[in-house]
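In the form predicted alone, a lone chain appears below as structure tokens.
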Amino acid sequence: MRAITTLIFAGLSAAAWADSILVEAEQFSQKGGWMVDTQFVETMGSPYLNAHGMGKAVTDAETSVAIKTAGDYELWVRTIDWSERLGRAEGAGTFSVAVNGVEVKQTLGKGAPQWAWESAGKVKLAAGEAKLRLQDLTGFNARVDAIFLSSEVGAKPPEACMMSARLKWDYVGSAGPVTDAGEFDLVVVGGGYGGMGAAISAARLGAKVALIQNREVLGGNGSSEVRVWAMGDTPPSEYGLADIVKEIEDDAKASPAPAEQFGDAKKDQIVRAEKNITLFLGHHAYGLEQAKSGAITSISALEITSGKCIKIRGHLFADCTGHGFIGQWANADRTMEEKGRMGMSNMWMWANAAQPTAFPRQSWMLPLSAKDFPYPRRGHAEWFWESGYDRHPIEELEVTRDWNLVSSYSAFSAMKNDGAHAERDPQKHAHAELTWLAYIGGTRETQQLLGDVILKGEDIESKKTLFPDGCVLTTWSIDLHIPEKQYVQGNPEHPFISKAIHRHAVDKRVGYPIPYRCFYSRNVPNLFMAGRNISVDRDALGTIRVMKTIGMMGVCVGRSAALCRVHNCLPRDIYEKHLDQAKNLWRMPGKERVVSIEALKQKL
């Protein structure tokens, strides 16, 4: 193989084996209506572009590359026929590729039920600039990972495409080697309520914090991308852990609701106002390094739109990913339910337009009728549009999301084209149009990272166990989801409507104090966690998993991390040696600030 060089053109990086060029789709300079999808890097290898048009073809994505040598180039595209993978009719999301305005092949994305390189044919290119264009043909979630061009005889795109393999390609969409982004007191991975709470609270106590988020907005499930309103109460407490949560919480009147009600800009502004926080938006954490002790020393992250890789070093780390990826990569002790988990929701909204509208019926859709799904009242298909109970919550997550898309599209088509629930609308849905459908799923249950205490449902419900380090008040009922039997016939093998089983074990006016020892790993010595991945059994997960509660976990973690830096100690030491000081920090009002760790040390 010839030596690898790196080409940079029009703000885009590409790797070249002499006359071979590889372009990552998420790095297109103009993405048009295509959305960057980062949810499944761990299973398919990369962020990708998703033509999420809800039945209407999205505007084209375009970019330019530098062609060093004129010639006849073979073109491949890494893509998938996602409806074929589900066992439905093929070709839900198809697209075409044009080079310098000429289509190379009319239809791509049809027929391969797994992520693979699809040959698009040959194109003659002159030396200089070449313009690439992706044209969506259906509006139903065509997806593109990368484009490979080569004029070399026998050259083929790389077969191994997971992130670990891409790092060995010597390009990873980057113009150079991994760069050092600095050292921090606390590195927080995940920008939802737990991650924001941890970052803000630690920064306000003088800690230098890195906050890594793989989307361009903060809030996680509570952002405009997913639109789950923040639940959980904040009753009177000895500790001031709710103050910061009240600063960042949304003002949503429903779930889902219009995007502006989720306050993306407010969250961003609050985080950026903290001088001690370095915010890495649009960075996907993909790996880590550890010392011989098992302590994490750094996180590796990919800047999605540039392809550059960075290393973020730290003393302490917080896994606020929800999925527990940092703990998993660090080989933290953990558990995962094999079957019967709570699933992922992709909610949607519809509204009546002034004029009649059309929605294309597709052969891959489910043949649903009114008996197969509940009517989306007030234009909202809510949290119970949920599936994936028995699918692996990481390895099969993209399949779960795609089944949610099929179910949602099929239900709306049934309303539009087959008269389902026609009696609920004066115009029999003739004017109805799909106004929003989350392509990013809201996941409830993945795996639990185990701490020195594994909080159990019986501790909350029957034993009423009071731990000496109880701090964050959980107020939600023990709320676990199962498929709703009434609607299982709509897709018996893949049910998509859930039912909540509530056990009212917690008095929401008082709350139950979760112990601090649930917020750090019992075997990765410098790893905190805040979120639905904390150390609980499945019953306890049913109550602790809502966002305001998770936000308070983050605040507890952030303040405890700052205290760790004061004493140069580890999370376990806070409970064993410094619990009284920790409690004093937990009592602090959320707005109170200390300029540095040294100043905090003097204050204590």
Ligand SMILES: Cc1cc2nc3c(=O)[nH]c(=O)nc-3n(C[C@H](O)[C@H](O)[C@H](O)COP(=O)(O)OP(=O)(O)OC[C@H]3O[C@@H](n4cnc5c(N)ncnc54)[C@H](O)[C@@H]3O)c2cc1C
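Values in this document were obtained by computation on a predicted structure and should not be read as measured data. Numbering starts at 1 and follows the sequence shown.
Form predicted together with the ligand: not shown, discussed below.
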Heavy atom within 4.5 Å of the ligand in the predicted complex, from candidates G451, G219, G388, G93, belongs to G219
The listed residue (A414, I80, I248, M347) that reaches within 4.5 Å of the ligand in the predicted complex by any heavy atom is M347
4.5 Å heavy atom contact, F325 and the ligand in the predicted complex = yes
| query | Is I550 close enough to the ligand in the predicted complex to count, meaning some heavy atom within 4.5 Å? | reply | yes
Q) Does L316 make contact with the ligand in the predicted complex, using a 4.5 Å heavy atom cut-off? A) no
Review point. Contact between A285 and the ligand in the predicted complex at 4.5 Å, heavy atoms?
Key: yes
Partner contact check in the predicted complex: of 443-451, 398-406, 104-112, 421-429, the stretch with a heavy atom within 4.5 Å of the ligand is 443-451
Checked 208-222 against the ligand in the predicted complex; residues with a heavy atom within 4.5 Å, sequence order, are I212, Q213, N214, R215, G219, G220, N221
